[in-house]
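One chain is shown next in C-alpha cells, namely the form predicted alone.
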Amino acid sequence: MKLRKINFINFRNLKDSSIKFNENFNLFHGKNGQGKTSILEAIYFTATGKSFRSNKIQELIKYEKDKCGSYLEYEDRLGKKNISVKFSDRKKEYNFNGKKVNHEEFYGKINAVIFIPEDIELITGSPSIRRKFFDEEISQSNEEYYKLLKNFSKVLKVRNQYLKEKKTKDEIYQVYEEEFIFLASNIIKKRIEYINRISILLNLNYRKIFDDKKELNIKYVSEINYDKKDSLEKIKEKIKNEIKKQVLNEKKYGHSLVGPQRDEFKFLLNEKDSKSFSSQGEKKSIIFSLKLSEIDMIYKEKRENPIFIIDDISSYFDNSRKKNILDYLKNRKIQLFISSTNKLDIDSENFEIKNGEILC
C-alpha cells in the first residue's frame, strides 16, 4: 500500500496544502512547534478517521474556522483509490472513491501503524489503554471483530442498566444475557488468537533489532483462567460459570464484573512484567518491536504492508539503532512518514515545516 497525495484545509495550525508523497521515505523536519506532528496527524486522521492526539474533534479545526477536511489518494494491490473526511464540531462525513460511507465501511481501507512518544503508556498506563490499543489493531484487519466490539458495547450498557435497576428476573434481561455471553466469548477468542500470533512475531522482532539474549512475550490476563487452546464453546462455558459465581456481587455493585471489558494484556520480558521491571530504554524497544509486529500481522492478513508513521524518531533511539531501524524498514519496502527536529542523513523526500507551512 502506498499513499500518493494528500490535500487538507483548515487543519490545526497548518496552511492549506497539497503534498505528493515519495513511495518510500517521507521526512518532515523543522523546529518544535512548527506543525510537523500536525501533518502526521492529518495523514493518520484521513487514513483512519481518528486522531492520535485528541478525542475532541474541535481541536483539529483551525482557530476561528467551523469545519475542515482532507482528501487522500492511495494505491493498494487492487488499484488506485481515494478517501476523504469532512468534519465540523458536530459531525464527520466519510467518503470512499467519491461515495459517502459510514465509519464501519471506511475504517480499514488504509492500514496505518503509528509510533509516537505517548506510546510508552501502552506499558506504563492503565489496562484500558492496552485494551483500546489491541482492540483497534485487531479491528484494522478484521471487520468482524470491529462489529463484535460495537455490538458488545451496546449490550454491556443495557446489561449494566438492568443490574443497576435490579431487574435481572425480567425476560428481556435473559435475552441480553445470552447475547452478552455470545459477544464476550467471540471477542475473547479472537483476542487470544491474535495475542498468540503477535507474541511470536514480537519476540522475533525484539531479538533481531534490540537484544537477542532476551525473550519478550504478551500475556492475555483475565480473572477467568482461559487457555490458549480453549474452543469457543469452552470460553462460553467459563464465562457462564463465572457469571454464576459473581451474580450476588454484580447485583450488589450494579454493573458487569465479567467479560472482555475487564481483561488485561501484559508485556513480559524474560517472564517479568515490563511495567515494573523493564528500564525506560527497554520499554521503548518493546513498543517499537510491537509496532513492527503489527506491520507483520497486517501483512499476513491483507498481503500488503500498512503505512508507518513515526513522530520524532531522534528522541527515541541513538544513531546506531536508528540506522538499523531505517534499514529494516527500507528492506521491507514500507512507506514511512517520519518527523524530526533535524534533517536526517537518509534517502527520503524532505519537507521542511515552518509556521505550519511546507517549504520543500
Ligand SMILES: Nc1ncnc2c1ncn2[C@@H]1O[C@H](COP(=O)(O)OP(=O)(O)O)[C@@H](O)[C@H]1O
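So that there is no doubt, residue numbering starts at 1 and follows the sequence shown. Values in this document were obtained by computation on a predicted structure and should not be read as measured data.
Omitted from view is the form predicted together with the named molecule, to which the following refers.
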property: 4.5 Å heavy atom contact, residue 59 to the named molecule in the predicted bound form; result: yes
property: 4.5 Å heavy atom contact, residue 38 and the named molecule in the predicted bound form; result: yes
property: is_contact(residue 291, the named molecule) in the predicted bound form, heavy atom dist at most 4.5 Å; result: no
property: Distance check, residue 70 to the named molecule in the predicted bound form, heavy atom within 4.5 Å; result: no
property: Partner-proximal stretch of 317 to 325, 27 to 35, 294 to 302, 330 to 338 relative to the named molecule in the predicted bound form, 4.5 angstroms, heavy atom; result: 27 to 35
